[in-house]
Each structure stands twice: as structure tokens, then as C-alpha cells.
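We begin with a single chain expressed as C-alpha cells, specifically the form predicted alone.
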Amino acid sequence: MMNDTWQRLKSDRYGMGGLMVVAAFAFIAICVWSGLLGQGWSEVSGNRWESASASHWFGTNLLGQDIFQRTLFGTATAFEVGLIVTLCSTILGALLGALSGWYSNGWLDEVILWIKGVLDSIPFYLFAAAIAYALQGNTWAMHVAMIVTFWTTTARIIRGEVIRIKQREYIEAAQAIGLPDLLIIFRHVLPNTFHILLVQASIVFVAAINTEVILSFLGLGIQDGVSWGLMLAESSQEVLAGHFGNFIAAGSFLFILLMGFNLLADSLQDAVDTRRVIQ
């Protein structure tokens, strides 16, 4: 299946374009994590609000910090948040969704659906902001806020898929020979939902980056370091003074990355699921 998915994805020029954009940004993030790029993001290396030049490609901000260095470091921040939130929320959603689907119409299913219904009934950004504010001062506050709110969609999708898969003959055969339910779920059921989880993870990644930017803009996100959200928050004052370096740099990088991820997610969805079971 994975080979067929890759072949369909390769034939989609928009999907491959999105993949190249994401790969380019991922390369920047890896270079930042390796200490090769963006390490001077906090250094005052010029005068305030310098124009773009050979020494400061995007100019400097109010404090004289290099905007280009800060933009590169913001790329690593975006990927760090995206990876952590995507992995944790996808794993949590897959596990709870699988249990809910396997024991559908049972008490465990009802409890999971009730929790999911409660979380889904609260306005998303309001709930994420409330959790981040309640845990303010904790380095992982924003991550926890997003994980708590993002797992529900994945769980809903996986629940429906598991209900369908457990009717298959090979699952009935596994039950007939006495394999434990959890072994069947982890060995035979969840592996067959990987294609769905792959698409959902790409969607969550985009949502995580968007949410980080919004929360950081509101002062509830990144506390140590710099992100595109913090740069946009800085630009809200700089734009009034006629300086657009922060706004253009952070806004452009955010737009290009999200556009690339959206193109890739749409193409992945078509490549792995021709019936488009994910809405």
C-alpha cells in the first residue's frame, strides 16, 4: 500500500511541490537544531530598525536584533511544536479511538465519546488559550493545551475505521483462535489505520503551527526563544512606526510553510484514500 501511495503522490505535481517546500523548511529546522543556522537570533548586532542589507538580509528590529536570524530560529520553533503536538495527539487519538471503536456501544466507548463531546463543545481557541493561561510559566503549557484539544478528531476518525476493520474475516479468525483483544488491536487493527493517521498527522501539524502563532501572539505561547508568533506580536507596534521587517519575514515564512503543508496534506489524502473517508 505504501508503494502505491508514493506512486500516486509522485504523479501529483502539487503534492510534490508541497513536499519540497516542507522538506526545505525541515532542512532549515535541522540546521538550527544542529547549531548551523539561527544561533544569533538574540544578539544585538546592529542599530534599531536597520533596512535590509548584506549584513542583515531582512533588517533589524527595535532592539537591533537580526530579523533573518530570528526568522530561521522561528522555523525550528514551528517544527518543534508541530512534531511534539502531532506525535502526542496522534498517538493519544489513535489509542483512544481504537479502544472506543473496538468496544463500541460499551461503557468504555461511552466514556471516551463523552469526554470527546465535552472537549469538542468548547470553542477551540478559547479552550487552548484557557489551558495555556492556567499553566502559564510551564514550558510545556502550550503543548499540553494543543494535545488536549487535538486528539479528539483523530479519535473520531480512527473509531469509525476500527468499527469497519473489526468486521473483517482475519479479525474474526484472530478472535476465534483466542488472541487477546489488546494484541489484536495493536497487531492487526492499528497497523491498518496507518494511512489515515498519516494524513491526519499532516493536518494536525498545520493546526499546531497555526495555534502556536496565535497563542504566542497573545503572549500565551513560546516563553523562551523566538517564534513567528512573537515576531508578529512585535511587528504590531513596528508597523505603526513604518517598519515592516518582522511582519513581512514572519508572515511570509508562515504563509509558505502552511501552503506547502496544505498542498501535501490534500495530495496525501487523495493518494492514501481514494474514497476520501476523511472529511
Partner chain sequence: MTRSYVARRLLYGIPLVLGVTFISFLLMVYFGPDKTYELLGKNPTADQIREVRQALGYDQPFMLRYADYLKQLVTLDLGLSDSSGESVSSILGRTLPISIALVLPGFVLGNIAGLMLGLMAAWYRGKWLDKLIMSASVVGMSVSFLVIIIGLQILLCTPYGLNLFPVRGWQVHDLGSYLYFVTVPTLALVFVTLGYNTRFYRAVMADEIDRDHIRTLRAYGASPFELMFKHVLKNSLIPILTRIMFSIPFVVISGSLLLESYFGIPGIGLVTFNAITSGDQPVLKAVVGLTGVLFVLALTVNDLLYSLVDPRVAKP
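Positions refer to the first chain, counted from 1. Note that the coordinates shown come from a computational prediction; the quantities given were computed from them, not determined experimentally.
This protein has a second form, the form predicted together with its partner chain, left out of what is shown; the following refers to that one.
This chain appears without its partner; in the model of the complex, the one residue of Leu182, Ile122, Ala176, Leu108 with a heavy atom within 4.5 Å of its partner chain is Ile122.
Not one of Met16, Val22 and Leu83 is positioned with any heavy atom within 4.5 Å of its partner chain in the model of the complex.
Taking the partner from the other structure, its partner chain in the model of the complex has a heavy atom within 4.5 Å of a heavy atom of Leu254. Residue contact check for Ser235: one or more of its heavy atoms lie within 4.5 Å of its partner chain in the model of the complex. Taking the partner from elsewhere, Phe58 is found to have every heavy atom lying beyond 4.5 Å of its partner chain in the model of the complex.
Although the partner is absent from this view, Leu240 contacts its partner chain in the model of the complex, with a non-hydrogen atom inside 4.5 angstroms.
Contact with its partner chain, judged by heavy atoms within 4.5 Å in the model of the complex, is confined among 74-82, 113-121, 157-165, 95-103 to 113-121. Interface residues of 250-271, taken as those with a heavy atom within 4.5 Å of its partner chain in the model of the complex (partner not displayed): Gly251, Leu254, Phe255, Leu258, Met259, Asn262, Leu263, Asp266, in sequence order.
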